[in-house]
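Take a look at this single chain in C-alpha cells; it is the form predicted on its own.
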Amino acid sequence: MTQELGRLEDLPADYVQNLRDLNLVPLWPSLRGVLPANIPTRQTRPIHWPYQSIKPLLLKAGELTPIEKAERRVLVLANPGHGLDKMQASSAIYLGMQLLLPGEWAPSHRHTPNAVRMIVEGEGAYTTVDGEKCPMQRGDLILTPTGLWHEHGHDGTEPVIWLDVLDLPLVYYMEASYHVNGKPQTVVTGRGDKQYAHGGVVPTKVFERSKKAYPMLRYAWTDAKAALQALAADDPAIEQVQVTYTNPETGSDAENILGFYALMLRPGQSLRLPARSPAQVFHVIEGEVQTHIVNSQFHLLEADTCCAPGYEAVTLVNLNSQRPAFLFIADESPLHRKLGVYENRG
C-alpha cells in the first residue's frame, strides 16, 4: 500500500465546500496525523516545575485572593505542549499546587474527576472525605475519588501546600466533568489508614466486603517510606525499589484511571525506567534527583515536579551519595490497561 496519501489541496475547492456544508471531512488527508507510523503523536513535553519558584507566587495568591473568592486557591502546573489554557500536564493528568492558610476552610463539594493530594509542606490541615477526617502531613497521599464529598480545613499556624493530581483532562474530554456544592460534613468515627495500616493483615470484615468503594483514603508517608526501606534492606539486589498505592480490599490500583507509586533511589543510584506507553509525573518527597527525559535534563530539588511523555525511557539519578532519595510518581497505567493500549517497549 502506498505511503503517499492525497492532500486536501488536491481536491477541488467546490467539492471540499460541498463536504463541509454536509459536515463531512475526507479522512485520507489527515490519516497519518491521527494514525502515525510506529509511535503516537504526543503533545506532552518534558517539563520541570521548580517548587522554590512556585511557592512565593502561591503565597502571593493567598494575599491577593481570599479563600471565599477562590474556593480552591491553586496554581495549575500546565504543560506548554498542550497549551497553557488547557491546564494539562499530560493527556489525562492535571496537576496543581494548592494553598490553605491557617483558619481557612475550603467548602465541601464533590465532582466527577478523581483526585489525590500529595502533601508538600506544612502541618495542621486536614481533608474530610466522605465523613472521614484525614490529617495532612508531608508526603501523605490522600484520595478524593469520584463522587465523594470532600472539604479542606486548617487548624494549624503555618501555610499548608499540597500537589493536586486529577484525571480531569480525560473526564472533561468525555464531557462528563462537573461538580456539586455541599454542606459541611459530619465527621464519622474510624479511619481506613488505621484499619489497613499493615500489609497482609486486614480487618476480618473485609471478607464480607466493605460497602465503600475506597476503604482507605489516607496513605501515610511514614508507612510508605518504611515499606520502601524494608524492601530495599530485604533484597539488596532489587534495582527498582518501588511500591504501588492500592485498594487494600481488592489489590487493584488506589483509583481507577491514574496510578500512584512511591520510589526509593539508593544513595548515588542511577535508575533507567523503560519506555512505556503512559505519561508519568515525578515529584520529589525527599532528596535531590537528576532526571533525563528525551533530550531534557532536570535538576529536581525537594518538592519539585516534572513530567515525562509516554513511549520514552526516563533515567533518574540520586545526586546524594550518602542518603536515599524518595519520589512520588503518578502515571496513566490503569487507564492504558483498561483500554488495552498499555505497552512496555523496554
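Throughout, we count residues from 1 along the sequence that is shown. All figures in this text were calculated on a predicted structure; none of them were measured in a lab.
Quick note: we don't show the form predicted together with a small molecule, though the next part is all about it.
- Among the residues 130, 164, 223, 140, the one placing a heavy atom within 4.5 Å of the small molecule in the model of the complex is 164.
- Listed residues 205, 272, 191, 72 were compared with the small molecule in the model of the complex; 72 is the one with a heavy atom within 4.5 Å.
- Remark: none of the three candidate residues (44, 49 and 86) comes within 4.5 Å of the small molecule in the model of the complex, counting heavy atoms only.
- Between 241-249, 196-204, 181-189, 90-98, the stretch whose residues reach within 4.5 angstroms of the small molecule in the model of the complex through a non-hydrogen atom is 90-98.
- Residue contact check for residue 82: none of its heavy atoms lie within 4.5 Å of the small molecule in the model of the complex.
- Taking the partner from elsewhere, residue 150 is found to have a heavy atom lying within 4.5 Å of the small molecule in the model of the complex.
- By the criterion of a heavy atom within 4.5 Å, residue 117 is counted among the residues contacting the small molecule in the model of the complex.
- Remark: residue 134 does not count among the residues lining the small molecule in the model of the complex, judged by a heavy atom distance of 4.5 Å or less.
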